[in-house]
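Heads up, the chain below is alone and in the form predicted alone; it's given as structure tokens.
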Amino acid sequence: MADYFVEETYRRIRQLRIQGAINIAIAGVEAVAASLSRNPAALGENMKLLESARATEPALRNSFSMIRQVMKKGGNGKAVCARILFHLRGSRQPIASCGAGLVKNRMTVLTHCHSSTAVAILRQARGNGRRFRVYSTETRPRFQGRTTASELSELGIPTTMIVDSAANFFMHEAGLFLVGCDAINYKGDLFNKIGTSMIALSAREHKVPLYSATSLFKFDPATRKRPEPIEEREPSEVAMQQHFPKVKIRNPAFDKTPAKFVKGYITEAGIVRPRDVEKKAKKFFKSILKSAL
């Protein structure tokens, strides 16, 4: 039987009370680390349950894969959990420092959805003395872009919120399209909040570079064997079914933006070209495993 704390973490992830790929990975590893003290024999079941909470979450799966590899070699489970948590929690600052240089004075930045790492980049750029403004999409259907707009405005960054479908209308003013990331496949394709690929088409047409702020934990090595799974959420996020009894409603949470539309990934290892992500990520994973053994 799965640990109670693990089950509660699973419910919080499923109910979207924990959001953001790195936050989900941190919560999952913390739950597993705590469960090792109470019932180490349930480790496999606990990790399997948490992995099933969300489909498009390679950061969580990669973390658990490392735990399995280290413990299989006789390593200490709690120690490897602590090492992974150190890297997960520490990834944001080097990414912010790296990405801040992309933001220039008098630039307009367009964002989509909410990424705490992308916000950290803009916060760092502001702290470095850059003066710029931001267009933030609402990001329907859950309106995470409103969180982005609120956070940026609190930082004193001039921010304008727009509906998602207005992105192309304002794209000619932008000098940078900055988003987060939920997954990267072996080709370097970006998986992010639904609508990212549509806005990326506009950015490409207007010659606005697209950069994704992401930890290398989000590279999914399993995409060599299968496509990245795309989570579909409840139709009620879009509309109440009883109002449209004869209408089928689909609600994919993410979409794929081809690597050719992505100028670069802003990572803890620097800015990485899409074609180099797999190599950089594998090297990054090996360094964590080596430090944990």
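Residues carry their position along the shown sequence, with the first being 1. Note that this is a predicted model, so its numbers are computed, not measured.
Although it is not shown, the form predicted in complex with ribulose-1,5-diphosphate (RUB) is what the next lines describe.
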{"query": "Candidate stretches 161-169, 79-87, 113-121, 200-208, one within 4.5 Å of ribulose-1,5-diphosphate (RUB) in the predicted bound form by heavy atom", "finding": "113-121"}
{"query": "4.5 Å heavy atom contact, Leu16 and ribulose-1,5-diphosphate (RUB) in the predicted bound form", "finding": "yes"}
{"query": "Contact test in the predicted bound form: Gly180 vs ribulose-1,5-diphosphate (RUB), heavy atoms, 4.5 Å", "finding": "yes"}
{"query": "Non-hydrogen atom contact Arg54 with ribulose-1,5-diphosphate (RUB) in the predicted bound form at 4.5 angstroms", "finding": "yes"}
{"query": "Distance check, Val277 to ribulose-1,5-diphosphate (RUB) in the predicted bound form, heavy atom within 4.5 Å", "finding": "no"}
{"query": "Heavy atom within 4.5 Å of ribulose-1,5-diphosphate (RUB) in the predicted bound form - qualifying residues of 125-152", "finding": "Gln144"}
